[in-house]
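The form predicted on its own is given below as one chain in structure tokens.
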Amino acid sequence: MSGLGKFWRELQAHPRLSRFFLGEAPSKTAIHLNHRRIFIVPTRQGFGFLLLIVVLLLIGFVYNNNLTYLLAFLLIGLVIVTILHTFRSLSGLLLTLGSAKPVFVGERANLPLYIENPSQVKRYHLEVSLEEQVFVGVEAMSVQQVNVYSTTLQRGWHQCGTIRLTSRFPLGLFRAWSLLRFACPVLVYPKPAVSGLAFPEQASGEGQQGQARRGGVEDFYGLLEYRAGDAIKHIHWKSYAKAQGLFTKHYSHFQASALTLDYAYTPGYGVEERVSQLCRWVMDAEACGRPYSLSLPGLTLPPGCGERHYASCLQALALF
């Protein structure tokens, strides 16, 4: 029975085939490249080179030509040395994925990847690929930063996926690669609504106080669709530059009190539309410096304004 248990443990310790395609489990710390993480296969040129060696061996066997044998064995030695150098181009590297700034849905997260070379040998022509390919060289005893990008599709925590580090050094006959997976999720904010709905004054109780709005240019009130005759200086050019439509900024004279942005009173046909509209109101309120509170089912953030309150509201919307 003990022999069977030992065999089962050895079978579990054997490298799984999934590591060849998916890599190891996501890591929260730096990844050290060793023989377990590096894979090598011949390239197209490498297969052609191996075929040439086989042909030379057949010619030497058929014609009993010692010079042909000598050339074939020299090429076999070159292949062995090339495999060793291709493996060493990745072996020993330390890779760390830095934290990325939050982005909105549809934007690409910028992930800084740090490649540390603790050896005395320079690493040439390394290829880092996620959605795009980036080539980089790392000097001896140095750290090189590479920015990789990952497109976000939905709000919440976004995993960047598997990063592939590849080397074909020195002759391009073999390709060594390692699959890197990091447990460093990126926070993705909701996509702001493009419609220019005014702030929910009734939800904040201001409509019951009989405060009349008189057209003016003191306090920002919201974005509305452009109409012929609106002042050019009030056009919201940022929305127009992003191809979101043409809107104008509307203002009011009275001193605005704190807004209450409540999910229950937000217009929309579903959760995502309501969250997007709340995200737009949060951005507009922060842009004009007006205090605002956010009320979601199970969570209420008190009125505030500023970078920290702004980030807390967007994070709450992202994780709602």
Partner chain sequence: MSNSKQAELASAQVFSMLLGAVGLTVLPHAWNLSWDIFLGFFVLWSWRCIGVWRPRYLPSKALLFAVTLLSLGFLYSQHQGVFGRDAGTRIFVIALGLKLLEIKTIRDVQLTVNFAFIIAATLFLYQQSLLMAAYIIVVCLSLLMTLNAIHSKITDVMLLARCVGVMLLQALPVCIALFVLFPRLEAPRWAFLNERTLTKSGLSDTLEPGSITDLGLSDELVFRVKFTGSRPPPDELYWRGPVFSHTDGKHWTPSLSNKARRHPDDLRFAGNSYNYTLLLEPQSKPWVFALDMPASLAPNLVMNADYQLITTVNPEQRAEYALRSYPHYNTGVLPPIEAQENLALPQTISPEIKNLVGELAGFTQPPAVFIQAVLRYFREQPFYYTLSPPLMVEHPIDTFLFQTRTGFCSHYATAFVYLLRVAKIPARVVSGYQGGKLNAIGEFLEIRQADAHAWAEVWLAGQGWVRFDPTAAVAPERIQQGVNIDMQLASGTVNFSLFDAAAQHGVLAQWYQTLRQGWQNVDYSWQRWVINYNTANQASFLQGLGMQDMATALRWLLISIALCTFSIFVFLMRRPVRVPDRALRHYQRFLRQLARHNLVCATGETASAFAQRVGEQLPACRAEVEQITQLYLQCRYGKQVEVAQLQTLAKLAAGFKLKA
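If you're wondering where the values come from, they're calculated on a predicted model, not measured in any experiment. Take the two forms, superpose them, and find the largest set of C-alpha atoms that agree within 1.5 Å; that set is the rigid core. Positions refer to the first chain, counted from 1.
This protein has a second form, the form predicted together with the partner chain, left out of what is shown; the following refers to that one.
Contact with the partner chain in the predicted bound form, defined as a heavy atom within 4.5 Å, holds for exactly one of Leu259, Val282, Ile31, Leu56, namely Leu56. Of the listed positions (Tyr114, Tyr149, Phe87, Phe104), a single one reaches within 4.5 angstroms of the partner chain by any non-hydrogen atom in the predicted bound form, namely Phe87.
The three residues Gln45, Leu52 and Leu67 all sit with a heavy atom within 4.5 Å of the partner chain in the predicted bound form. Stretch 78 to 86 is the answer when you ask which of 180 to 188, 150 to 158, 105 to 113, 78 to 86 has residues with heavy atoms within 4.5 Å of the partner chain in the predicted bound form.
Residue contact check for Tyr265: none of its heavy atoms lie within 4.5 Å of the partner chain in the predicted bound form.
Residue contact check for Leu71: one or more of its heavy atoms lie within 4.5 Å of the partner chain in the predicted bound form.
Contact annotation for Val271: none of its heavy atoms lies within 4.5 Å of the partner chain in the predicted bound form.
The closest heavy atom approach of Ser91 to the partner chain in the predicted bound form falls within 4.5 Å.
Once the rigid core is overlaid between this form and the one not shown, Leu58 counts among the residues whose Cα shifts by 2 Å or more.
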